[in-house]
Ligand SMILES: Cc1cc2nc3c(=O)[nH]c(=O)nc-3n(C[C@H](O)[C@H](O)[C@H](O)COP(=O)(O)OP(=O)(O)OC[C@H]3O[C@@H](n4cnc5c(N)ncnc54)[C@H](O)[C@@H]3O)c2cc1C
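Encoded as C-alpha cells, the following chain is the form predicted alone, with no partner shown.
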Amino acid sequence: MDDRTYTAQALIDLADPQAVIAELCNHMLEHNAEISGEAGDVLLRLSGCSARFSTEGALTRIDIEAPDFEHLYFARLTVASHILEFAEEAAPAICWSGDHDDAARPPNFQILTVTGCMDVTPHMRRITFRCENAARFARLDALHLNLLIQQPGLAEPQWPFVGTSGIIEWKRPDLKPSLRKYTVRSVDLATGQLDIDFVLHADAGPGSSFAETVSIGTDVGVLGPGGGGLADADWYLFAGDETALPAIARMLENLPADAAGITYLEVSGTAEIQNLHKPAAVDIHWLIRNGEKFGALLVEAVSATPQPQGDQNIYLWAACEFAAFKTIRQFARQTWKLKNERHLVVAYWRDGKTL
C-alpha cells in the first residue's frame, strides 16, 4: 500500500492575491471544503487534499498535498483553473513543480469504443461502449463522465494532454472537442462495457447529434468519473427531467431494499415513461409536461412535498433545467434547511442552449 504524500508547489504573481484567493475559497465552500487561516496564509482542505496559499515576497506560494497522484492532479487542476478564472485579465502564469508521473494524458482519460445502440423510448437512445477499465465507473457516488465529441471532418481525433499549469490542453485548440457531461447508466464488469443514455432533441446540439449519427466501432474519448451521486439515507427525494432520468434510474436500482422515499420525473409525454426498478417503499410520480414550461411541474411537486419528521436521515437529489434548479436548491436549503451533505441540486442544462 502506498502511504506516501504527493506534493506540488507553484509561485505565482497575482495582482490582487487576497481577493482572488478569497473568491476561490468561497467557491470551494459550496463543495464542502474546510477553510482555515487568514489573509496571507490560508489553508483549504477537500477530499483528502490540502492547498496552502501563503505570501513569499511579492508572490503567492501554493503548496498542495494529496494521498496519490490522481488526487494531486485534480487538486492542481482545480486550484489553477479557478485562479485563472477569478483573476480574469490579470491571470498569472502557473508552472507546477513537485511530484508528477510520465503520462501525457490526464489520469482520468480513457478511449471507449461503441459496440451497440438501441432506443429505450422515442427520445432516449442507449449507446453501449467497450471500456478497458469499466470498474472505474462502477462507483455510485460519482455517476458522470465528460464525453469528448470531436469536431466534424477531422483526419485524426484531438485527445487532451496536461500542460505545465496542470490544466488540460489541446494540440489544436481551435479544433478541440465539445465536452458534454453524461451519466453512466450502467456498468457490466464481466463484459467490460458501460451504457450511456442520450436524450434526442429536434434542435440537436453536439451530444444529441453524436447519439443520432454515431456508428459501431467509433472510438470516443471520455474524462471521468465525476459529479455527485448516491448517498446513504433513510429517506430519499429524487427529482429530475429527461436529462436526469438515467442518473435517478441508476440510483433507484442500487438503493437498499428497505429504502423509502419519493421520486418525481418530468418528461415530455407518456411515451417517455420507463419501467424502472426500485425499492417497494419508494414511490415514483411521472410528471407529463405536455408543452408546459421546463421544470415547472418539478418545482410544484417538490415544493408541495412534506418534509419527513423525526430522526430520519434525508437525502435530496435533483437535476434539471437552470431556472428550476435555482428554485429547488433554495427549497432544499431554506425551507427544509438541509446541510450540504444532505442534498445535491444541480443544473444539467439551460433553456435556449444546446446540449
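Since this is a predicted model, take the numbers as computed values, not measurements. Position 1 is the first residue in the sequence shown; the rest follow in order.
Omitted here: the form predicted together with the ligand. The next part is about that form.
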task: Could you tell me which of 190 to 198, 273 to 281, 213 to 221, 74 to 82 sits within 4.5 Å of the ligand in the predicted bound form, going by non-hydrogen atoms?
output: 190 to 198
- request: Look up in the predicted bound form whether Pro92 has a non-hydrogen atom within 4.5 angstroms of the ligand, and give yes or no.
  value: no
message: I'd like to know if Ala202 sits close to the ligand in the predicted bound form, meaning any non-hydrogen atom pair within 4.5 angstroms.
response: yes
task: Would you check, heavy atoms only and a 4.5 Å threshold, whether Ser165 touches the ligand in the predicted bound form?
output: no
message: Although the partner isn't part of this model, could you tell me whether Ala347 comes within 4.5 Å of the ligand in the predicted bound form, counting any heavy atom of the residue?
response: yes
field: Selected contact from Gly229, Pro225, Pro106, Pro206, since only one has a non-hydrogen atom within 4.5 angstroms of the ligand in the predicted bound form
entry: Pro206
query: Among Arg250, Arg126, Arg130, Arg180, which has at least one heavy atom within 4.5 Å of the ligand in the predicted bound form?
result: Arg180
task: Pull the contact list for 234 to 253: residues with a heavy atom within 4.5 Å of the ligand in the predicted bound form, in sequence order.
output: Thr243, Pro246
